[in-house]
Ligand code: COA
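In the form predicted on its own, a lone chain appears below as structure tokens.
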């Protein structure tokens, strides 16, 4: 993508719709640009004015007679396309379309927005918006927005899909003393999206942390690609709204029911190194930590406190976030023992007691920061008659600078008596909190990001043999010709076999006699299962019989299954009964896929069988991530099923390598065939040697290859 310097650091900017009236948005935009100290040329455009704010006004952008990098447009929606066309002819590089009234208002607005996009493409212009607040860059400086105020200069970029969220955070930041490098309102994202903006901020030397508030991501594949690169340069923290269960789509498979779009976002963020914030507080708490403190070397945390209860709360938070309480070396323990009261706790959390003054905090904090087994420290202070919050704040700042390789967080648990100390800490780049949990959570985010940076480069994708694309295509064509969206069992079995996935042999019988013949050829015991595209869960309607040992048992089971189905689902179309060979015992797991509208195929692995939805012992990955054994093995080890696979209570270990191969091949299959929308292999029985797919359900829909 071309550089967006013309957007954040333009040489010239035109304000189309500039106005003398303070009630007009065009007035606010022009006024903000001037007051921000922008050093380039500023051109107000208004055919009814000769001069605005001491600047010569022009009838149109073509009348300027000089190059213009950026145009901020604030005119009625019905005029925007004509203005954009004129900007294109004048050679403008970028547009900020502040005007609302496009796709957010309905069909006619969408039509106008599409025309606007077409104009931008025709002239090679990039566009922010429409329906946005604008943008700000404190280092240019430039405030091309109608927001009230200009952020303090800092190193945090904030990208927001919601304009209201952006202006609210701007106002809040003044009270909190936070500084920003960029504030960007994405609006309708008709052209430039959060993906383009993240990519630009990652290359901005004045930005060290990238924050985003998003409601949707429309190009999931490109998001993962861009963020995977950008997150290696700078931390990206995203708050994704709209995650409630009410927004989940209905699904016919176990995997579809478990997945939902929220799981896909989790998987995409994890795969691309993005940290996911759970709340606005979480988003900005982590931002402050990243913007002001070094990354910790590891997860070992030391806590210094003057109160036992809050120290325990902090310790619980450390464990809950998956961090470690640092174990001090002998030298540190001896030092603490020799200089702290005998009643003090020396072993982390270090409780320096309620009568601790600044000198005791100084000694304890210096001692633990000097310990090689400590990677970060949290200083917790509760107000007491002898507490010295301001002096202690100065000590924390001093020692943080001295030990500048280790992050320090402060928790000042109190109100007005701690205000001065808290303000001093904040002004001197110490993340300061009222309670321990947000502090530890922010530290956890830093540690997770550091682990991401340490991850080795991905190995080469595994090459898969015994893959027949043509065989799968032939099966799918037959299904579509039959106007079905669900594969029958024997068809799904053929698809598995075509991609080298070991599957229980399955054949379709249209009569008792045919079932007996197939059973005899397979060799007893065998299983029978009803074959109907309308029956997803066969056991629920008495459509399964297993462990059949003879011709007579097969005949009786065939009749019984048909009777059951006619009773429970008399209108269900029945293609016959599938005869399947029985396989060896093993650990039963599920491997499945649900195709997410933004990110594509989402693969699930976990404990299988009938309890999969009840226990939800599952892990997820985007199929695009599952190209190496290392990533597949990570996915497997994240579940409790892994304990069974390793061999539980004396059982022999299962063949994890065979299971890994099954997951790799499943990911390849659903990547190769966009027609597959949902898939369950439940269970996959993992033996001591090998793994076999027992029951396979595949749902499909025809795809226009021109898409």
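Everything numeric in this text was worked out from a predicted model, so none of it was measured. Residue numbers count along the first chain shown, from 1.
Keep in mind that the form predicted together with the named molecule is not shown, yet the notes after this line are about it.
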item: Answer range among 498-506, 558-566, 367-375, 130-138 for contact with the named molecule, defined in the model of the complex as heavy atoms within 4.5 Å; value: 130-138
item: Sole residue of 313, 190, 75, 535 within 4.5 Å of the named molecule in the model of the complex, by heavy atom; value: 75
item: Position in contact with the named molecule when the complex is considered in the model of the complex, options 236, 83, 326, 379, heavy atoms within 4.5 Å; value: 83
item: Partner proximity in the model of the complex: residue 98 to the named molecule, non-hydrogen atom cutoff 4.5 Å; value: yes
item: Partner proximity in the model of the complex: residue 111 to the named molecule, non-hydrogen atom cutoff 4.5 Å; value: no
item: Interface membership of residue 13, the named molecule in the model of the complex, 4.5 Å heavy atom rule; value: no
item: Residue 689: touches the named molecule in the model of the complex, heavy atom cutoff 4.5 angstroms; value: no
item: Every residue of 71, 88 and 122 near the named molecule in the model of the complex, heavy atom within 4.5 Å; value: no
item: Within 4.5 Å of the named molecule in the model of the complex: residues from 37-53 (heavy atom criterion); value: 45, 46, 47, 48, 49
